[in-house]
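This document starts with one chain, in the form predicted alone, laid out as structure tokens.
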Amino acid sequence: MGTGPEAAASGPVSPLPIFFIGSPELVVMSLSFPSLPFRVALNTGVTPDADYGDRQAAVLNAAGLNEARRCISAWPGYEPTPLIDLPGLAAELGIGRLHYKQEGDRFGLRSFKPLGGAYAVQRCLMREVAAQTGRDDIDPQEILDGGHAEIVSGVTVTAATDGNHGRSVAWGARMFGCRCVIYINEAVTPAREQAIAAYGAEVRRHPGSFDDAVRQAFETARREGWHVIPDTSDGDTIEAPRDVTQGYAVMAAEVIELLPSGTPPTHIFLQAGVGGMAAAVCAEFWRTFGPERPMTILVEPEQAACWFASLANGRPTAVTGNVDSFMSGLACGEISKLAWEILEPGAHAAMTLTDAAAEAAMRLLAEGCQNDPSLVAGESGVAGLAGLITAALDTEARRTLRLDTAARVVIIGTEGATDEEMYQRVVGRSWREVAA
């Protein structure tokens, strides 16, 4: 394990203790998982003993969660997704308990994203109806039941996506009856494009990266008078991305309610992306458990490690160059500034992985460990698990992150097989075979 110049060459110069591991010393030899390079940076700006404060409550709060639950629980097909105990894998990793939140069946969209994108569409339409009718008491059920159809049908919502968020926004637009235009970047697979179009959205492919598509969606919306439903915020656009993130907090609330005896976990490994989901989960555990909240570790692809860079520099920092990743939903070069308000003091560490680690985690879940169930997980949805496994199998990372027999870890499996062809190529079986 090296530090100093070796670590600095792999990322921004930083006051944080950064570990770069090229050939990890494995502490558990029976688990079939490759030895791959990774980095861990401890966040010196974290406030682990602080209560959830006003800065965080301005983004996500109890009233916002209650409103999100009121809306989302009324949607057809809503039910909490399961929290699955994985004792076999926990034993292999030498930790006390491992819980896996399986989001692969959420509303039939195979990811957690409807909780954010579709909810933000509903909130957007409520605001538009209120503005055009002069009423300030628009009930979400009015939008769900097709009330104000003349107003709603005249609204166009738009978003940029690498797949799942756009699918969520398109699904919500179809459910509520408004028009939808989704921007994708050139790296998005045809399967993901078709999945979005299947919900009636117009899909426009834009050259460049995810961040380029984000900018194009905003530019077109300003020109055309559309409503942007982004899952990220530049600091100026607040309402819609806050609704998206608040909707994600419903998933975190479900986890807390499903934990045995309400016992808080000691660790949560969260795939980061722009940071909305990670911020929502971190916030809800922080609000609920205060200083007893779990250690929160953000996990990213090594080539798209905007949170690693931002925490290292102590300010939002963009990652430039080619950020495309097998973990397509995490291929982001810029963080959400709303998420920064929670994760800058809330995340304990950031971690980067190679794409190969995500592939290995998909295969491991599909096989099941000892007597654990076989689980279907997509390439972006397994990053947190891949981070846990990689850290637990390395002597120094394990010690630094306190991954021992007393550790109780929660992983959010944020997607199932959202790209069926890619899933079969990686796992060697169809997702239906694995699920069966």
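Residue positions are given as counts along the sequence shown, with the first one as 1. Keep in mind that this is a model prediction, so the values were computed, not measured.
Another form, the form predicted in complex with a small molecule, is not on view; read the next lines as being about it.
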Complete contact of F308, A357 and G387 with the small molecule in the predicted bound form (any heavy atom, 4.5 Å): no
The small molecule in the predicted bound form: contacting segment from 111-119, 252-260, 125-133, 199-207, heavy atom within 4.5 Å: 111-119
The small molecule contact in the predicted bound form: Y248, any heavy atom under 4.5 Å: yes
D162 within 4.5 Å of the small molecule in the predicted bound form, heavy atoms: yes
Distance check, N43 to the small molecule in the predicted bound form, heavy atom within 4.5 Å: no
Contact test in the predicted bound form: L330 vs the small molecule, heavy atoms, 4.5 Å: yes
Contacting member of S325, T296, T352, Q271, with respect to the small molecule in the predicted bound form [4.5 Å, heavy atom]: Q271
One residue of M277, A304, L365, A347 in contact with the small molecule, assessed in the predicted bound form (non-hydrogen atom, 4.5 angstroms): M277
